[in-house]
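Just one chain is shown here, as structure tokens, and it is the form predicted alone.
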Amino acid sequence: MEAKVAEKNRAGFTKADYAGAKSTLCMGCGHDTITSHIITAFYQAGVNPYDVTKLSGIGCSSKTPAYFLSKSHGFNSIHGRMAPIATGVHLANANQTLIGVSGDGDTASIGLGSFVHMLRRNVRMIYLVENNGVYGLTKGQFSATADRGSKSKAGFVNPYDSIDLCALALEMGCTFVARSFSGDAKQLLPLLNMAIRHKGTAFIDIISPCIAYANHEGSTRSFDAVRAANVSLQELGFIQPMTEIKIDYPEGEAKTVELHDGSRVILRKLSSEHHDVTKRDAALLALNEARARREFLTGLFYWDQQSVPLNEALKLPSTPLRDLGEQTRPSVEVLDEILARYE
């Protein structure tokens, strides 16, 4: 019997070409499920893995880039500093597809200042937060995204209000804002495919319960609590621009579409009564209303498809700065002239 030949995507790569090392995270961790979705999304999108740069900070989540896209470039920064590193990589070579994986501690605590300024600048990258509300590497203390009243595994109750990273991203001008759940492939995969093609910062807050320190009664980030409180904003689908798939169906109805790789997505054409992803104020209102109801609202909240990324806003040359060589370096005479102005 002949061995089955692995199918290649439009870039000439098999799905195995997007894999990485074996995970060392806890068995059953939602972060590993997210890794699997990232591999699938990049394979479906036909992205050349050699043209990708992976970035991370510190934490359980920031270990995951080792588990996908082993052929890509990678940079593991110090705690909370993924955002400025990503800004530098983008300005040095805007031709690279950037994907950063951070955690709720890495982004919402020590890295909060860097995070908000990266959003303001609209660095072209996919920024994922694997959000579990705890510090998994340091035995389960509450993070800044933990809900008030949530109980830790040690029995402590969180007395502080949480930081809603999606609401913060909208306030800071982020041009693509979404939230999903690690176990919801039907929702998360289309969001990742949209994020890959976005010209700006594509931020996705992914609720990913920690099975070691936040999967108990009293935790608002346990699997049971999230399933009970999760409300999907809309059904999403995204078709990569390969051979065109044409569909036509009425507003307000859903349609199942088979993609080129054999997978299926459900598209729902939103009616005027539903959420408009082009309205930032509507997204903030929906998030605030859901928060008041103590619900986890998921889906695509906002998408500015006319977004201008940082390199274009700064009018940088189309040739990456790293390839310009000595012409980007001022001469000794020019440096002396500049220094003379400050004597």
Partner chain sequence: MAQVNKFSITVATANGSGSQSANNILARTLFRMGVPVGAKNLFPSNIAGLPTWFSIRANEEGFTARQRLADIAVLMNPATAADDFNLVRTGGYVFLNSEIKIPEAKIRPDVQLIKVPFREIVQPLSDSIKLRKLLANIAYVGVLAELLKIPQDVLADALTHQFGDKQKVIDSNLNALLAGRAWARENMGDTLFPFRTRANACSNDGKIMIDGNTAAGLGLVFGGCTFVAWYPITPSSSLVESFIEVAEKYRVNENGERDFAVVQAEDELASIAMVVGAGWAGARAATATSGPGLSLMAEAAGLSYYAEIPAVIWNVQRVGPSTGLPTRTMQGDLLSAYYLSHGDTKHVVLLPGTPGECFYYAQTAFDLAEILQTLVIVLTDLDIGMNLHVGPRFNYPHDEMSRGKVLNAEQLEKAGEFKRYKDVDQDGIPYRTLTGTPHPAAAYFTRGTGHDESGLYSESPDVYKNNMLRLARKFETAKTMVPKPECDTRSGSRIGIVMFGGTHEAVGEARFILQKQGMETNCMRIRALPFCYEVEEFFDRNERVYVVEQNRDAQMMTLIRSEMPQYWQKCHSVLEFDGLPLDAETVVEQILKVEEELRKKC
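Residue numbers count along the first chain shown, from 1. Just so we're on the same page, rigid core means the largest C-alpha set that superposes within 1.5 Å between forms. Keep in mind that what you see is a predicted model, and the values were worked out from it rather than measured.
This next part talks about the form predicted together with its partner chain, which is not shown.
- In the predicted bound form, none of the heavy atoms of Ile211 sits within 4.5 Å of a heavy atom of its partner chain.
- By the criterion of a heavy atom within 4.5 Å, Arg341 is counted among the residues contacting its partner chain in the predicted bound form.
- Its partner chain is not shown here, but in the predicted bound form it comes within 4.5 Å of a heavy atom of Pro317.
- By the criterion of a heavy atom within 4.5 Å, Gln305 is excluded from the residues contacting its partner chain in the predicted bound form.
- The contact with its partner chain in the predicted bound form, taken as any heavy atom within 4.5 Å, belongs to Ala66 out of Ala290, Ala66, Ala282, Cys26.
- Checking Gly183, Pro84, Gly149, Gly173 against its partner chain in the predicted bound form, a heavy atom within 4.5 Å turns up for just one residue: Pro84.
- None of 113 to 121, 189 to 197, 153 to 161, 99 to 107 except one has non-hydrogen atoms within 4.5 angstroms of its partner chain in the predicted bound form; the exception is 113 to 121.
- Shown without its partner, the chain has Tyr50, Thr53, Lys54, Pro65, Ala66, Ser70, Lys71 in segment 42 to 71 as residues with a non-hydrogen atom within 4.5 angstroms of its partner chain in the predicted bound form.
- If you fit the rigid core between the shown form and the other one, you'll see the Cα of Val334 move by 2 angstroms or more.
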